[in-house]
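To begin, one chain is listed below as structure tokens, in the form predicted on its own.
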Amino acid sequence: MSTFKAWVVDKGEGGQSLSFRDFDEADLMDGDVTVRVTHSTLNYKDGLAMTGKSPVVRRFPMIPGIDFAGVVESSGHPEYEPGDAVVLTGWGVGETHLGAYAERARVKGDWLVPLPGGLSPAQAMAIGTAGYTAMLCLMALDHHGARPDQGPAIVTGASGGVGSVAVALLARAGWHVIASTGRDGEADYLRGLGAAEILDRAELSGPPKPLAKERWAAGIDAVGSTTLANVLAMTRADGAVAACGLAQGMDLPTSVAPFILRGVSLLGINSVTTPQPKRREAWARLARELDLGKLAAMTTTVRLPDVAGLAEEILAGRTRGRTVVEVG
């Protein structure tokens, strides 16, 4: 066995601590596939795990990082062999199972997805859980029967990771995209991703009414709380909103009015334990439908030793788009 570099969250009498140190391969958790991690990414949940501002980590010590791309080193799983390129998102990795901010990971092969053709490991992590979740939202809207000819689509938290990919995907699918953001100076960035209109998030931050003027036929919300309540109140009859985040909070101060008076549907998105068929469909669609030029425009890259410095930034909403973490 050998050691490798990793970010490690520990908990002692003084609370949670984070350190970049050597980690012994013998201390990796059970799994039938060992992966040499080449890339990871930065998600909101990673920021929570590294700072301890929410009880995301439920086992100590813990290597944070909920996504990785890498190369199989050894495998007892029938579907994977050494040398295979793979991707992992979700399944409690970085929360209850040692995660991705390390040079090596051992996981269950059933959690992995083969790296989709047409994507490099870095591009797969530029997508990461955030982009994968955005695709699950689009798939839910498609399944509901939402179509671009029914009206505009709203994206909240549009300059964040989920929002940026959602704007690009919806625009590519032909939607008139309204991008909601509270960050000055992001209009050109969002229009470059395909947004047709920019909406100040202040318009969605006031006390929500049971119903308001109908403004959009569909939505992807990564914010929750009051913002989601206002989005629902402004959704057109028989429209649908896919909800996948809680950046503003876990509460939802709304009423039944949008649902029983307009027939609005609220579509919940769980990206952590998505069954394999839907998971693979989402990755296949991302490889086909996401404009890789726009993906590059929304992506920055950092080295593994530097990722912890961005934890507070993503929680404060000061990061833009997607951040790739180079591990290897």
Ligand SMILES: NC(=O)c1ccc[n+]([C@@H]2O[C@H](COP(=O)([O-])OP(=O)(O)OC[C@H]3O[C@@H](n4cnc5c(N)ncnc54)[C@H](OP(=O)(O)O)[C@@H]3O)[C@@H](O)[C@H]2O)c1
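Not measured: the values here are computed from a predicted model. One-based numbering along the sequence shown.
What comes next is about the form predicted in complex with the named molecule, which is not displayed.
Exercise for review: Work out which of the listed stretches, 251-259, 178-186, 138-146, 206-214, brings a heavy atom within 4.5 angstroms of the named molecule in the predicted complex.
Suggested key: Contact criterion met by 178-186 only.
Review point. L246, A240, A85, A233: which sits within 4.5 Å of the named molecule in the predicted complex by any heavy atom?
Key: When the named molecule is considered in the predicted complex, the option within 4.5 Å is L246.
Practice item. With the named molecule left out of view, choose which of A102, V107, V223, L169 has a non-hydrogen atom within 4.5 angstroms of it in the predicted complex. Key: Selected residue: V223.
Check your understanding: Does L290 reach the named molecule in the predicted complex, with heavy atoms at most 4.5 Å apart?
Key -> L290 lies outside the contact set for the named molecule.
Point to revise | the named molecule contact in the predicted complex: A284, any heavy atom under 4.5 Å | key: A284 lies outside the contact set for the named molecule.
Exercise for review: Using a 4.5 Å heavy atom cut-off, state whether A296 contacts the named molecule in the predicted complex.
Suggested key: It does not: once the named molecule is placed as it appears in the predicted complex, A296 has no heavy atom within 4.5 Å of it.
Exercise for review: Mark G317 yes when one of its heavy atoms lies within 4.5 Å of a heavy atom of the named molecule in the predicted complex, and no otherwise.
Suggested key: G317: contacts the named molecule in the predicted complex.
Practice item. Note that the named molecule is not shown here; using its position in the predicted complex, name the residues of 107-137 with a heavy atom within 4.5 Å of it, in sequence order. Key: Heavy-atom contacts within 4.5 Å come from T129, A130, T133.
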